[in-house]
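Only one chain is included here, represented as structure tokens and corresponding to the form predicted alone.
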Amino acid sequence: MLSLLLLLPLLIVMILNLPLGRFRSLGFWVALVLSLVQAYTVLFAPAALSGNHDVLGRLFSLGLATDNLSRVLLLSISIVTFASLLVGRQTIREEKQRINFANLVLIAMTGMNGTVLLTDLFSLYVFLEVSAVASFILIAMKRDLNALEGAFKYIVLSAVATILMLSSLAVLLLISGSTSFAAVGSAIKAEGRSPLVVFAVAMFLCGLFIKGGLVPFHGWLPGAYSAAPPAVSILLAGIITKVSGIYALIRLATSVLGPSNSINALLMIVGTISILVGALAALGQTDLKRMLAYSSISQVGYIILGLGCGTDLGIAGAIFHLFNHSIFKSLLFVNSAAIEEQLGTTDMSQMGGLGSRMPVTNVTSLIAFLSTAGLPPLSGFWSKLMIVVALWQSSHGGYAVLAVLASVLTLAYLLTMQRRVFFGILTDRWANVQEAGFGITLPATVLALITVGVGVAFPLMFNSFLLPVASFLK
């Protein structure tokens, strides 16, 4: 079954690009069904994800495996892909572009699934690049100046990340004779802190910092998120950068490098700087999508801060916040898609009073931003609380205080966004604005329900799922 998560999307793309006439338009619906099947499998048929039943994987020597972390990511991938596809169906007008969008989403899905399932650093890198190539094209789909600029910045910095990661892999291959997680981890442990190992690890980490859009390697991210078409922004912000950079960092830090005080200290510093820089930059934005882009940088910083804590509670909190962030950030970008679709702009200085005209977008946006700011009982509160408690318990009280204070900044810029967009007096210009179509309000409602439901169900999940989610370290 595991190999089908990689092979099925590619097979569907190949079949749908045959000369099938009008049947090519089915690609969107097939991709939508595939995302739902993946979510169903993770939630209700986890035994099917066991490598013991993966005949195709053994036949092709793919080396696939799942654990608690990869299952969380597979679920996130399927949910965000579902939302992105529905919004794409609503907002992409040309049939040819819809077909191309569905094909590229399936290719990106293949890359992301491969990234979270493979147990080899080189294979992980290859599938990271599969997602990246699909992302370049998706960002540039509108073919205007901003979209091409955003895609170009992403390509340039991604090329730098590629050079760093490949150079690192070459050194690690010389040291260990293999690029599997187990072999590289054993070699690094045996070599200790030799200059060559430190150099290789530092290069790989920098490459992943670029992929994840962490400060100071975040230059490409605001432009790419804001210039991309609405459905693509959801996919990028919701999951692609989380898989390409953040998941890979978690996997490298835990399954390969193992406990390391120096790496943990580096992660905590980078995470804290990302939290503060992202939040402060978001305060000064007038464009809705750019504000949400900087907010993403800040929220990803919390994940890295929890990871750097190094304790089971901190890592479980980081993984939980990764999932929560993929949901509530996707929801915020779905709502920005609704506004862009109905108003034709994302400039918040031109808005106001839209809450009365777009009630679903208003309410779901309020839920998303309260979760982002970490207010109870929504899901974002619990994952941030786990990270803060883990920092405090591990004698990192200063970082815990900064994390709490940064949440106040988050609340400030998101309240500003809500006031500018939905509150106040409705101008004559937007007097006839209507709520967005079903293709946007449906995923917004689903994502909002997940955000509320996960928050309410937290006491039931804590001992049964959230703490055991870090058991892959054992």
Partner chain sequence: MSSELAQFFWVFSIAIALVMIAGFYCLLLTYNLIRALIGLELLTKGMTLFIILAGYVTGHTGLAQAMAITLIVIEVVLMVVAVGVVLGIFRHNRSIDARLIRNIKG
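All figures in this text were calculated on a predicted structure; none of them were measured in a lab. Residue numbers count along the first chain shown, from 1.
Here the subject shifts to the form predicted in complex with its partner chain, a form of this protein not shown in this document.
With its partner chain omitted here, the record of contacts in the predicted complex names 145 to 153 of 396 to 404, 336 to 344, 79 to 87, 145 to 153, defined by a heavy atom within 4.5 Å. In the predicted complex, Thr179 approaches its partner chain with a heavy atom inside 4.5 Å. Its partner chain in the predicted complex comes within 4.5 Å of no heavy atom belonging to Val277. Proximity of Arg71 to its partner chain in the predicted complex: non-hydrogen atoms within 4.5 Å are absent; the residue sits far from the partner. For the chain shown alone, Val215 is not a contact residue for its partner chain in the predicted complex, no non-hydrogen atom being within 4.5 angstroms. Candidate site formed by Gly310, Phe323 and Ala373: none of these residues places a non-hydrogen atom within 4.5 angstroms of its partner chain in the predicted complex.
When you look in the predicted complex, the only residue of Gly185, Gly223, Gly114, Gly355 with a non-hydrogen atom within 4.5 Å of its partner chain is Gly223. Listed residues Ile273, Cys206, Val160, Val360 were compared with its partner chain in the predicted complex; Val160 is the one with a heavy atom within 4.5 Å. Residues of 163 to 192 that come within 4.5 Å of its partner chain in the predicted complex, judged by any heavy atom, are Ile163, Leu166, Ser167, Ala170, Val171, Leu173, Leu174, Gly177, Ser178, Thr179 in sequence order.
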